[in-house]
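Take a look at this single chain, the form predicted alone, given in structure tokens.
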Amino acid sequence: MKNLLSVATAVSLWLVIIAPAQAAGGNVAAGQAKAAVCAGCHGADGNGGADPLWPKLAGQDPDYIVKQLIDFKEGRRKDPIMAGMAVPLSAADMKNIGAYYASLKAKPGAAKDAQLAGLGEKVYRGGNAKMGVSACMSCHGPSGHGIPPRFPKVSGQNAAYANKQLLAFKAGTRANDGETMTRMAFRMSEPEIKAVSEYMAGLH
């Protein structure tokens, strides 16, 4: 009986220690090593660097991260810094990086403007029927954790980054994630975009 318990304990420990390292088909340790250069912008813990225009990646869906890296590499998503970072990455590198950032714990964010966040909550949860804007939570979830792999986690994201991306979708300068975001953002006013971005920063 004791031997069986010992085996069960050993297997449990193996699952806790080893299984996360192979998350999403990627190797967390290899991803951590490859992502060392990413820390300058995305933070040593994946929770963002000094510039709020740089996104937080901790806890993000690994497949979504992989897709964005592929899009940067192949030119479907435009950013001169990220294009340069993504070009030398192999498919395995991308999976490893995705697994690594997915394994990190996201720190809760906070809205800085309560009034603005209040307006953002109305749009996030109820949309804008007059303008044909669906509720953001229908794709990104009530708590902003997304619906992997197509719809990313948005809770706790830097408001400045979210605002920049929504404006890019609205202007059509970012169109690598299908028509849904382009269509929704196009119908939103810039004040609504700013408000939703502020609300998502404190959503968790």
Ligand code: HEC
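None of these values were measured; they are calculated from a predicted model. Residue numbers here begin at 1 and follow the sequence given.
The protein also exists as the form predicted in complex with ligand HEC; that form is not presented, and the subsequent description refers to it.
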item: Ligand HEC contact at residue 50 in the predicted bound form, heavy atom, 4.5 Å; value: no
item: 4.5 Å heavy atom contact, residue 91 to ligand HEC in the predicted bound form; value: no
item: Ligand HEC contact in the predicted bound form: residue 99, any heavy atom under 4.5 Å; value: no
item: Residue 203 within 4.5 Å of ligand HEC in the predicted bound form, heavy atoms; value: no
item: Residues of 178-194 having any heavy atom within 4.5 Å of ligand HEC in the predicted bound form, listed in sequence order; value: 180, 181, 184, 188
